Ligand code: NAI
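Consider the single chain below, provided in structure tokens and representing the form predicted alone.
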């Protein structure tokens, strides 16, 4: 069944969804702007081989809404958006990103963009040729975004362990890291340095071997990655990985990682809670890159990794404590708190528009 786009926008409070096509590059893409009541929308560009347009549209809606929640809980003067590209063999990648750069520039600062799956330094260079509103991966930008995400993920894990046991105590912890991309490998590196036992799974065998050799990790067969007994399961690859089948295989106390949209559906957060597994919501724990990028674009400041980690850890701790006090799933509490802040931003925005006469010079 296709997405009923206007119904979905009305139900979830989306402001704008744009379908993009460029004849020259054969680019096909969707931009979803979820909410700008607190400030301009931020969200990266995901380039992925989607099954069809319907799947891409569902993904862009889900991801952009999560970006709004992420910005609200991080107390940023920003909203959420996302842009997804349907990756196809006939796509001229460089030319497609230049086309997107022109499009983003025409939005005039309503939407800021940056890296995501499929969008790295090469693609960002094409974007920044054409727009001021994309993250510069070089020395003129905010700094490395992945290291900011890593700091937040580890801080979120620590908040969960503190809540459960009153102490982090990494040397007696076992963590399973799913995915050894830039974020997953960075999380593994930090945990190894802290003394934790780290098991890892990665579909790219060559990358898996290289990272494992560098960090002296124990590698898992990806088909068995959900099964080991551990303190923390850390999903750091793609989203939608916790569903009816995988949930039953987990033998962890905490789920906390850098991937977006870890839960296949919201009810799977409820099922984690029923099983006694503490879930640190993804849009809380992986906000580090957004904090670093948005702070730079909005204020010109380059926030340190340590400061970002402390911010994410504080918010994660607050959400987990609220959930514990209410006996509720943390994901539900995080959504509630984010929507409360978003609603407050919308009220303030409406009040500002009502304040005083508007003169139109004809």
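Positions refer to the first chain, counted from 1. Values in this document were obtained by computation on a predicted structure and should not be read as measured data.
Missing here is the form predicted together with this ligand; even so, the following discussion is about that form.
K.L.:
Which residue, 155, 74, 198, 237, has a heavy atom that falls within 4.5 Å of this ligand in the predicted bound form?
P.N.:
When this ligand is considered in the predicted bound form, the option within 4.5 Å is 237.
K.L.:
Counting non-hydrogen atoms within 4.5 angstroms of this ligand in the predicted bound form, say which of 78, 81, 256, 183 makes the cut.
P.N.:
Exactly one listed residue reaches within 4.5 Å, namely 183.
K.L.:
Even though the partner isn't displayed, in the predicted bound form is residue 123 close enough to this ligand, meaning a heavy atom within 4.5 Å?
P.N.:
No, no contact at 4.5 Å.
K.L.:
Heavy atoms within 4.5 Å of this ligand in the predicted bound form: does residue 165 have any?
P.N.:
Flag for residue 165 set to no.
K.L.:
Any chance residue 231 has a heavy atom within 4.5 Å of this ligand in the predicted bound form?
P.N.:
No.
K.L.:
Just checking whether residue 207 would be counted as a contact of this ligand in the predicted bound form - the rule being heavy atoms within 4.5 angstroms.
P.N.:
Yes, residue 207 is a contact residue.
K.L.:
Sort through 156 to 164, 173 to 181, 103 to 111, 269 to 277 and report the only stretch with a non-hydrogen atom within 4.5 Å of this ligand in the predicted bound form.
P.N.:
Result of the contact check: 173 to 181.
K.L.:
Do any residues of 134 to 157 have a non-hydrogen atom within 4.5 angstroms of this ligand in the predicted bound form? If so, which ones, in sequence order?
P.N.:
Counting only heavy atoms within 4.5 Å of this ligand in the predicted bound form, the contacting residues of 134 to 157 are 145, 146, 149.
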